[in-house]
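First, one chain by itself in structure tokens, the form predicted on its own.
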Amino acid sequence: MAAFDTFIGLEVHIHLLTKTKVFCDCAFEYGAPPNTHVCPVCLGYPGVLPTVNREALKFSYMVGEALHCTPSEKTFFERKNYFYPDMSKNYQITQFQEPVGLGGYFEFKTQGKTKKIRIHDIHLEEDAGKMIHDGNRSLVDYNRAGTSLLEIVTEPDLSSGEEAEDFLQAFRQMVQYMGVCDGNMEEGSLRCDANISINKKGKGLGTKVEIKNMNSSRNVRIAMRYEQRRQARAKKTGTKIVQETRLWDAENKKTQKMRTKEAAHDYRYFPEPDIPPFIPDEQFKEAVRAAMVELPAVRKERMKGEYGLQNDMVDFLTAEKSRADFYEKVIASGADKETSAKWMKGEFTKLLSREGLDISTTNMTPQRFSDLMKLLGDGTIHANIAKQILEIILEEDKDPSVIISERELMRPAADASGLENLIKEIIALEPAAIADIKEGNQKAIGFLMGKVMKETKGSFDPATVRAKLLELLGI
């Protein structure tokens, strides 16, 4: 590909987390029985009167703010006309001439560098329904028809499938942080089409081809790689590249022709007569500003400086807003920054993953985790006990101090002398094990350690027990 430049622009569609659809009062519930969340408005019956969901507009302007777009002072909706097998009225209510936001940019990390991608526009529209193909018949579920859908159109500033994948992952994290979309590509709440062209070095844009049906950021990367190679072969052999829409076949890992690419005039846009223009007033603008949150990139830099953590640890903590919020509340309660981060990334995350739990819906509150880290830090408990308490909290919904008291997990007061006397007693009671150790059998040391840990109910750190045992054995 060294002889060619690659130009990739994305059309990212996100379902906004509104309680109802964009132009009617129907709820949207993923996985609901087919055609149970429908009404005359979203089915496009004659004579119906659509009304705009104000929350959808607020979320749209929030995304525009995050992407540094110029917000529209007067936005209106239009009808985009062509045959949709999964939209019964055969047009889509969308925005074309006056979208909610124009221009702007998005910065993200890719291949160790920061890249800035220009945003062409963002516009609010309704989603279509869903086709279900069953053998030799096709069924239509209209539950999704009319769902609030925001489309973000980038300029063709991406140059590889890897960059496209990194862009999507960073964008997904941003909208999840903002609470405007759950970012679930598997369920279709975040979807992406890509426009790609290649041309000889320095010759500018080539003939654009649109790729659809990519349901993961990984598939976007693989599809872009395939299309780069396909178009490069065409250039080298003198085959004409046609402006068209192609489908990504994930099973066979290749693109297939779907239809000739439409131009804007093919859609016969005209103003939606039933919806008046929207002019955001000062109250609406203030609501948008008040709803904005600290975005992931800004939060990473702040937390790195504030807590003195390494890049990989900050990346882990800020990967999800709920995790970053949890950590900062733990630190605000007085726990050690580094220890808390280490335990969150290690034992706590492993436990959550094993149990299939989410950090925001467990019995482990930031205060409980902070208390546990303090007990660990001041030597009241050791690491093995802390692991036990983690599990017990998730199971029994109790504070660490209550668990320690109920199960007598606190280290004995006369720790050093008490441990030494106990080990001496066990050594005296296990002459066979001592003989094995003298003959070089290391397993016997583990046997004696097990006896000590059992007698002390695990209240001593294993490393401390082993060191004292070897000292008394003269090893």
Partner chain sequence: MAIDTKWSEILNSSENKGAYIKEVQDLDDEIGAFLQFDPDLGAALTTGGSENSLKGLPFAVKDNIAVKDFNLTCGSKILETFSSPYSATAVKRLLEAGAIPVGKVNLDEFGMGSATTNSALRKTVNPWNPDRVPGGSSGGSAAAVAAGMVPFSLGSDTGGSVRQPANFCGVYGLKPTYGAVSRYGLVAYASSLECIGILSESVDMMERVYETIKGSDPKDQTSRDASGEIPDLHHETMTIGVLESTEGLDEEVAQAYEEAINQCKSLGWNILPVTIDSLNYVVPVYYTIAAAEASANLARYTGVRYGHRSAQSTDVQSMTRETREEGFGSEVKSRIILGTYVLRSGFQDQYYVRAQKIRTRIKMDLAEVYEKVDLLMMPVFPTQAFPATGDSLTPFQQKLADRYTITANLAGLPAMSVPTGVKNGLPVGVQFMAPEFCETHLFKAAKAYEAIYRPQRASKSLHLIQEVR
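Because the structure is predicted, anything quoted here is derived from the model rather than measured. Residue numbers count along the first chain shown, from 1. For clarity, a rigid core is taken as the largest C-alpha set superposing within 1.5 Å between two forms.
Same protein, other form: the form predicted together with the partner chain, not shown, and the subject of what follows.
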Partner-contacting position among E151, D371, D274, E328 - heavy atom within 4.5 Å of the partner chain in the model of the complex: D274
Heavy atom within 4.5 Å of the partner chain in the model of the complex - the one residue of K387, R79, R221, R323 that qualifies: R79
Stretch in contact in the model of the complex with the partner chain, which is absent here, among 245-253, 155-163, 393-401, 85-93 (heavy atoms within 4.5 Å): 85-93
Touches the partner chain in the model of the complex: K257 (any heavy atom, 4.5 Å): no
Close approach of A435 to the partner chain in the model of the complex, 4.5 Å, heavy atom: no
Non-hydrogen atom contact R268 with the partner chain in the model of the complex at 4.5 angstroms: yes
4.5 Å heavy atom contact, Y142 and the partner chain in the model of the complex: yes
Threshold 2 Å Cα movement between this form and the one not shown for T237, core superposed: no
Large Cα move at H133 between this form and the one not shown, threshold 2 Å, rigid core: yes
Core superposition between this form and the one not shown, C-alpha change of V52 at least 2 Å: no
